[in-house]
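In the form predicted on its own, a lone chain appears below as structure tokens.
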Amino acid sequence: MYGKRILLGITGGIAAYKIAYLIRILKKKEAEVKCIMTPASCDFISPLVVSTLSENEVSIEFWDKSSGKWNNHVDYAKWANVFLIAPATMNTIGKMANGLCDNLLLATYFSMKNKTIVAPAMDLDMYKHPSLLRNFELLKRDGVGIIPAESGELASGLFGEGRLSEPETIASYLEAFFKSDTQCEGKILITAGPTYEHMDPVRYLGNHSSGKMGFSIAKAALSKGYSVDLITGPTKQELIHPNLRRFDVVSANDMLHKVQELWDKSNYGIFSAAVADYRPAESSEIKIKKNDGEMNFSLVKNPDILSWASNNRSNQQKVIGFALETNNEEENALSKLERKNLDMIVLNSTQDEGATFGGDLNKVTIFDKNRNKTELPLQSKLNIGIELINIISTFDA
């Protein structure tokens, strides 16, 4: 489920204690989790626990009285791939089914375009009550998914149906939902990481790229249903997926040869690798010894992999480049976009605080071939990858 955006709505039932376990399961599966709590739910599970486990702020009211911040229910609804309400009390289910909106959670539900799923939890007599069964039917007609409650010991001391499904069961339901969701087709070639240009057996010219951005893009593409050929320079990043083929290379020439081998089988090329512009004119087969004087090296230009791909493509293939700039960022990025005849370019700036080589966060500006501009604020590299893949998937829509 990595990269999937799960909005979790928590309502006021004793079963809310299980949600801590559910959040941990979803995070281990690399889903992005944000949470909305009803005021009543705070009596059963601490917002601090929910925020800590989800690694995101928790929203409870429409606005935070201490800071004045407005919690925009529309933004939550637009962000989520799925809205899971668990536990869903009889009160909340009744309001959802009958169009009553008196809290942030319900306002978000009524703004949802994507799927909403409820996991009910209540006592057995309530779970069998005719009014609840009618409301279930209304929700089903509205397209809401229902994860049935289980039989077991209830908070009242009774035994029967009404117990919230176990966190593992809910997570499995979500996985099945995402697998059945509409998936994209096609193959994406992605380059990632640095290249190393050897000077001798122990030294090289390189850069600080960790490969995290390229691997995050690959994760996002795989979660969207694409097949991925990932060509990566030296990196510690790991990624395993049945629709992934990984090719490890070292130098710019190595990367070019692998791109040339795979490019004609790809629909899209995302060239995020930090390829060294130059390499030593000569590489020693033995370690170069230090001497008392200066040491000078002659450098020669490396091949331009991005230009090669752009100049050797069919009309259907799309090429996306990256630009890392230290000054005149937009001007230089737009020049590269036009000079290399790209469909899109992703601009990174070294001036963006928090967005660094090797870090988990990034902040980028995306330009398409018509110079339309999309700014993505500082956020996880996986989220950046998801936004990028979502844009790319609309190319042929």
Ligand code: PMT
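In this text, residue numbers run from 1 along the sequence as written. Keep in mind that what you see is a predicted model, and the values were worked out from it rather than measured.
In what follows, reference is made to the form predicted in complex with this ligand, a form of this protein that is not presented.
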Please determine, with the chain shown alone, which of 163-171, 201-209, 88-96, 121-129 has non-hydrogen atoms within 4.5 Å of this ligand in the predicted bound form.
201-209
Among the candidates G145, P148, G152, P303, the residue which, in the predicted bound form, approaches this ligand to within 4.5 Å (heavy atoms):
P303
What is the one choice in L105, A220, A273, L230 with a heavy atom within 4.5 Å of this ligand in the predicted bound form?
A273
K340 within 4.5 Å of this ligand in the predicted bound form, heavy atoms:
yes
Can any non-hydrogen atom of T38 be found within 4.5 angstroms of this ligand in the predicted bound form?
no
Can you check whether K381 is within 4.5 Å of this ligand in the predicted bound form, heavy atom basis?
yes
Within 4.5 Å, heavy atoms only: does L324 come near this ligand in the predicted bound form?
yes
